Structures are given as C-alpha cells and as structure tokens.
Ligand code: HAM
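First, one chain by itself in structure tokens, the form predicted alone.
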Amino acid sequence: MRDVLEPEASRWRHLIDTFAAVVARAGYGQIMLPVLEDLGVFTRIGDATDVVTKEMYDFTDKGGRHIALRPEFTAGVCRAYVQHRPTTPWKVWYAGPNFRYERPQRGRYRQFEQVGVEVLDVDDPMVDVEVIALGWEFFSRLGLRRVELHLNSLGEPADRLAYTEALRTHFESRLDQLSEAARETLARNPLRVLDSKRPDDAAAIASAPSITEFWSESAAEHYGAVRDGLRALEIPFIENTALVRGLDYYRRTTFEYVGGTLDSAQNALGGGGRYDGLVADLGGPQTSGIGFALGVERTLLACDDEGVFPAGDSAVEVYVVDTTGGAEASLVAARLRAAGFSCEQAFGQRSLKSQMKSADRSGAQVAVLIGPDEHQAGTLTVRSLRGQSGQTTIDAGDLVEHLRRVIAVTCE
C-alpha cells in the first residue's frame, strides 16, 4: 500500500473524471459501495479462486461478524441490487480502492484503485458490445494507442463445466509438463492453468482443447453477435480462446484490455465479462449481468510508457503578498477565489523577500502585493512572476477585471 501525493493525486482525479464523463453519456449513474462487506458476499466469487482462498483481508469484528475488505466491486454491486431492487436495466459506474493480499509488483499493490461499470437485467449481446466499447473509448480519450482488446466466450454453465473437465483430463495426462504452481492450480481450477505465463507451462497449454469445441448453439450465437457488433463499431479485437479471467462467476462473454507496453506477466489494464448467475447466488432473482473493472495504477503506467495523459499543472494563478499584517491578504484571496481564480496567500507575517520566494515557488503567474502604501491608498500592486517582468499599480476595486485580462482563467 502506498501514499499518492500531488501532482499524481490530481492526475488520478482527472482520470476518474474522464471515465465518469465517458460512461455518464451512456446513461450510467454512480454507485458508492462500502469498503467492508459480509464475507459471504465475496465467497460467492468462487471458492476455487485465489481472491477467495489466498488474497482477501477478512476478520471477525467486535460484533462477532465475519467481514472482509472488498477485493473487487462486482459482488458488492450485485448485493446492492438484491438489497435495493432498483429499476432495471440498472446501469452503474464506480471508482475506489480494493484490497488483496498478494505479492506487490510494478502496477500491483495490495490496495489498488479501480474504475468500472456494471449492467444488470439485460440479456442482450448488444449490451456486451456497449460495455466493451465504453472501456475502449475511455482508453482512447486518455490517448492510449497500444491497448489490445482480447475477446472470448466461456459458453453457458454446462459448456464451461464440460470444458473444465476436458482441461482437467488434458493437464493430468501432462503433469510432467506443468510447473509446481500450475499443478496446484489444476487441483483447484483447471481453467486457471490457462492463465499461466510461466514458460514451463507453455507447451501443455498450447496443446489444450479449445473452449470453442464446447460451445452450445446459443453460446456460439451470442458470441457471434458480440463480434459483429464490435466490428460494426470498428473496434479491433483479438480472439483469445485461452482467456478465462480470474473469477469463477464469468460465463459467455469475457474480455480483457491488454497494455502493449507493460510486462507480459502484469499487462492486463482490466477486463470483465458476463456473470448471469451471481445475483441469484446472492439470494436475488435470476438476473443477467455484465461489466468490467479497470486498474487505475496500471492504466497510468501505460500512459507513462506511451507519453500520454501527463500530470496537470497544479500551480496556482495568483499569490497574495501582504506586509501589513495578513488580514488584507485574506480578504483579497477570498475575493479572487470567489471570482474563479486559484489563489494562495502568505502567512506568518514574514518579510517581503521571504513571501516573494514563496510566491515564486508556488508557480503562480502573478503576485498581488499589499504594503503600507497600497493599504493607505486603496490600491494593489500586481507583479508578473512568469514571462515578461513588470508590475502595475491599480485600484483595489479593479483587481478582478485586471487579472481577467492578464490571466487565462475560466471564471464562475
């Protein structure tokens, strides 16, 4: 876990604002979920997943309840749907931290930020297309050009079950070709062996049967409609039959956004898929669902690698320097902020020289000086701190209009 300071914190906020703008135009409203949930909410993710068996921060609280820090958003969204029964189709977006006890790496932390969307109670491949397209548009808005979309279908539950057993048979006949870690994964969930990036497992994975051999007619039809919809929108994708995602609730459409500049072991910027049985598992009615979650840290690493979406300039526009005691500076700063300017002021009744050093370090474009002469005459001195040097003395009442002429600012 780590601290995020300025200017990176502002960059995070700008990324979330960008995401919100993209998805809000498609009718998604924000949901804010609790960080803590009853443990049972997350065990529905699947007892064979590492998230449940190894990575959750779970404990018993003072009331004797077994609870967990959320490791992901989707289960919590489905719990909220069961609890509140909103009007459907229910289209929501979220942003916030999740927690997993896993080995930290570049782009992987035990507290990590995600943004994402979920749609509940729409059983239509065109909503799959909409959801996937929103993620693609978001990355485009950030300026990323080396992102790949990987697409697959895990079929209906019966298809997935048959495929899982076929994989079990395949890999058990090739145990000598699997790493020790892959053999442990095989015992829990044969599908997850396909996720291995270890060279020792490559040959056994390459010869494994394909999910396409197990699709039912309805699953194949659904997948074909999703592919056609993405092609109609001119969104390129790679069909990846080894893509199974990390959680047990997925069925039919699965997809992943892969960063072309990141290390192959940790190159997924995010992804998602359909989870049509999860709401029922949480005690609700049989309800279809689809969504995705994107990692903020990895997305920003990809932006750094591609040289896009830089941290913004957090410098203030105006710095108020007051050598008359500080009370006038507070009044001037409040007036400027109300007019739409970003403004700092000096504190501590320091000398003019000391305050001007602070003004220069702030990155402000201009300093507004209040000295005894200005205070007595009802004037202010405006001094340029960037570009062409110079200063102007003006009536105090003309300050806002004067600064609007010399500073590019959107005033409210």
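Every value quoted in this text rests on a predicted model; they were computed, and no experiment measured them. All residue numbers refer to positions in the sequence shown, first residue = 1.
There is another form of this protein, the form predicted in complex with this ligand, and it is not shown here; the text below is about that form.
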- Task: Select, from the options 285-293, 332-340, 218-226, 167-175, the stretch whose residues sit within 4.5 angstroms of this ligand in the predicted bound form by heavy atom distance.
- Result: 285-293
- Message: in the predicted bound form, does Y163 come within 4.5 Å of this ligand, counting heavy atoms only?
- Response: no
- Message: Contact with this ligand in the predicted bound form for Y250, defined as at least one heavy atom pair within 4.5 Å: yes or no?
- Response: yes
- Even though this ligand is not shown here, does R141 get within 4.5 Å of it in the predicted bound form, heavy atoms only? no
- Query: Is E72 close to this ligand in the predicted bound form, meaning a heavy atom pair under 4.5 Å apart or at it?
  - Reply: yes
- Counting non-hydrogen atoms within 4.5 angstroms of this ligand in the predicted bound form, say which of P190, G155, G272, G259 makes the cut. G272
- Note on the structure: Interface check vs this ligand in the predicted bound form: of W136, W90, F237, F112, the one with a heavy atom inside 4.5 Å is F112
- Query: Using a 4.5 Å cut-off on heavy atoms, which residues of 80-107 contact this ligand in the predicted bound form?
  - Reply: Y94, R100, E102, G107
